[in-house]
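Coming up is one lone chain in structure tokens, specifically the form predicted alone.
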């Protein structure tokens, strides 16, 4: 079973029915954006929006329109290096978010001698590991369970495009085509365009590739799909036009 389709509307402070809370004997419950745990066992919305539950991942969050990113543990994000301290980097997640710290050794196989040397302005694909109102966020570029990067780390070259937070969440859905109604990336790949992509829940999308024209076209497709609220047919028309322009 995957994400629910009912998506009830919730308001800040509304009680959430136990029937809507996923339960798993093997996985801890993960709360995403828009929800807060009030001890001992209450879960309370802090924003107005649609309550989304994913029983497969034992997670839930509130889908809402907001231009301000709020870091949540487990989020995949794209961060920009601001400066380096003795043991960690200070990074930017969004203009409205306090700088997030990235320990120098939070990379695969990193030691004091082999850790990446990242200059101000460099980009990393990372995961939020700590986020609360009392401390600055902390991010990592390595899996704590495997010690591997699992696709995280420095993003070299390419271009970064800004999208809405809601669109970024749709792109990151396990089944973005079925659940998020986003086909544009699959359509571009089906036309033979070669590119890499990293999506951050902080509203940033990195696109890499050898052909700059393709990178720009992919970024434009994402921006126009997002800003135009394009449905599947609209995305198909957009891709056909962009591909014609590349020939």
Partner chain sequence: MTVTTAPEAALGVLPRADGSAKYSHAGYTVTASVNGPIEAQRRDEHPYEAHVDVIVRPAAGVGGTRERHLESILQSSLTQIILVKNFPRSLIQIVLQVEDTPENDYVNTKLVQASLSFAIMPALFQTAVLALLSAGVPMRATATATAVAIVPQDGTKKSVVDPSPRDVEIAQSVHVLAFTSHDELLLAESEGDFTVKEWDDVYETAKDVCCRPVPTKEGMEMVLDDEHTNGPDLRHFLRSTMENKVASDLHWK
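Take the two forms, superpose them, and find the largest set of C-alpha atoms that agree within 1.5 Å; that set is the rigid core. Being a predicted model, the structure only gives us computed values, none of them experimental. Positions refer to the first chain, counted from 1.
The following text describes the form predicted together with the partner chain, which does not appear among the structures shown.
field: Interface membership of residue 50, the partner chain in the model of the complex, 4.5 Å heavy atom rule
entry: Residue-level check for residue 50: yes, a contact with the partner chain.
field: the partner chain contact at residue 70 in the model of the complex, heavy atom, 4.5 Å
entry: Residue-level check for residue 70: yes, a contact with the partner chain.
message: residue 136 versus the partner chain, in the model of the complex: is there a non-hydrogen atom within 4.5 Å?
response: So residue 136 counts as contacting the partner chain.
message: Test of understanding: in the model of the complex, would residue 170 fall inside 4.5 Å of the partner chain by heavy atoms?
response: Contact with the partner chain, yes.
- prompt: Counting only heavy atoms and a 4.5 Å cutoff, which of 195-203, 25-33, 210-218, 174-182 contacts the partner chain in the model of the complex?
  reply: It is 174-182 that comes within 4.5 Å of the partner.
query: Even though the partner chain is not shown here, does it sit in the model of the complex so that 11, 63 and 166 each have a heavy atom within 4.5 Å?
result: Yes: each residue has a heavy atom within 4.5 Å of the partner.
- prompt: 98, 103, 116, 153: which sits within 4.5 Å of the partner chain in the model of the complex by any heavy atom?
  reply: Of the listed residues, the single hit is 98.
- prompt: residue 45: with the rigid core matched between this form and the one not shown, does its Cα shift 2 Å or more?
  reply: Yes, shifts by 2 Å or more.
task: Return yes or no for residue 35: a CA shift of at least 2 Å between this form and the one not shown, with the rigid core superposed?
output: For residue 35, whose C-alpha is compared between this form and the one not shown after core superposition, the shift is 2 Å or more.
- prompt: Superposing on the rigid core, do we see a C-alpha displacement of 2 Å or more at residue 12 between this form and the one not shown?
  reply: It does, since the residue 12 C-alpha is displaced 2 Å or more between this form and the one not shown after the core fit.
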